[in-house]
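Starting off, we have a lone chain in the form predicted alone, written out as structure tokens.
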Amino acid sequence: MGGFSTDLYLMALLILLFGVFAGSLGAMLGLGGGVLMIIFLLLALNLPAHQAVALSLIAVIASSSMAGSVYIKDKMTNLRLAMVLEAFTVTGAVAGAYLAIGMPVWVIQALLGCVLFYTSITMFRERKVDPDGSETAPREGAGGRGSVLDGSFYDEQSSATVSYGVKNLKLGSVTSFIAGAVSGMVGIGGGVIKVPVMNLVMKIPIKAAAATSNFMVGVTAAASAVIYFESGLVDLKLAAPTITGIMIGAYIGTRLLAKSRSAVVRKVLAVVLSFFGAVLILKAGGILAW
């Protein structure tokens, strides 16, 4: 009973291989990889919903740990901003969990799907870019020059230091609360909302937004994963290939982000947002169910 069957070996191998892909894309875009893993686990492998969610959370933690450590070392993560926004996101997630009990989830799914489609269109629009394709960052933060939330990082692709200011902090905080609430109600990773919010609303360069989001999603997922683990819903035989694949992919993703043009990262994110928008609308219509 404690051994591995052929089917289990095959499932573990598929999870490992897809984990590399999900981890790469998740770390590159700041999504954590879990949002891709849960769709794969549910639709491709037909795992029970609770088990798939548990493995998805494990994937987010693994991706965040690997990518987060690299981004913090490279000073791409804005830790001060992450702490501020995460407080609102976690509060929103708790509120969303309660709201989900008395609110039709399909309404939220349809609304979020439309929002993600609109956001993807906005992401496709070019921001001001330098001739080399790197993103031009604003010079002043929300509180003027020298705001404690302002940041900078060395962009390996353009071989230049990018300094930026954080704009619209209040609006960004409120939107982060909403992002947490929606994530709690819909069950989709908050990274697909956090990265566009930081980039479009708070005017943070896409690479810094992705790096900061990677740190944030891991903190949120860790709190939820404990509950699933204590409930015995984490399948350790499948968790091992999930973690291995995700961590390999996450490291690859950090290198891809460092060497990619900001405009390319924005377009890839826009495609992913469109995909998740379609998934949510299909879920709202009852075509996809989990």
Partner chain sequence: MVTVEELISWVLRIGVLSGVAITALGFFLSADLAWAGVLILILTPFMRVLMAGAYFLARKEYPFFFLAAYVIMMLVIGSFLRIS
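Computed from a predicted structure; not experimentally measured. Numbering follows the first chain given and starts at 1.
Omitted here: the form predicted together with its partner chain. The next part is about that form.
Colleague: Heavy atom to heavy atom, is residue 270 within 4.5 Å of its partner chain in the model of the complex?
Modeller: Result no; residue 270 lies far from its partner chain in the model of the complex.
Colleague: Does residue 237 reach its partner chain in the model of the complex, with heavy atoms at most 4.5 Å apart?
Modeller: Answer yes; at least one heavy atom of residue 237 falls within 4.5 Å of its partner chain in the model of the complex.
Colleague: Using the partner position in the model of the complex, report whether residue 275 sits within 4.5 Å of its partner chain, counting heavy atoms only.
Modeller: Although its partner chain is absent here, residue 275 would stay clear of it in the model of the complex, with no heavy atoms inside 4.5 Å.
Colleague: Would residue 154 show up as a contact with its partner chain in the model of the complex if we use heavy atoms at 4.5 Å?
Modeller: Because no heavy atom of residue 154 falls inside 4.5 Å of its partner chain in the model of the complex, the answer is no.
Colleague: Would you point out which of 193-201, 156-164, 117-125, 207-215 contains residues with a non-hydrogen atom within 4.5 Å of its partner chain in the model of the complex?
Modeller: Flagged stretch: 207-215.
Colleague: Please tell me which of 149, 169, 108, 178 lies within 4.5 Å of its partner chain in the model of the complex, judged by heavy atoms.
Modeller: Here the answer is residue option 149.
Colleague: Could you pull out the residues of 216-247 that have any heavy atom within 4.5 Å of its partner chain in the model of the complex?
Modeller: Residues within 4.5 Å: 218, 219, 222, 223, 225, 226, 227, 229, 230, 231, 234, 236, 237, 239, 240, 241, 243, 244, 247.
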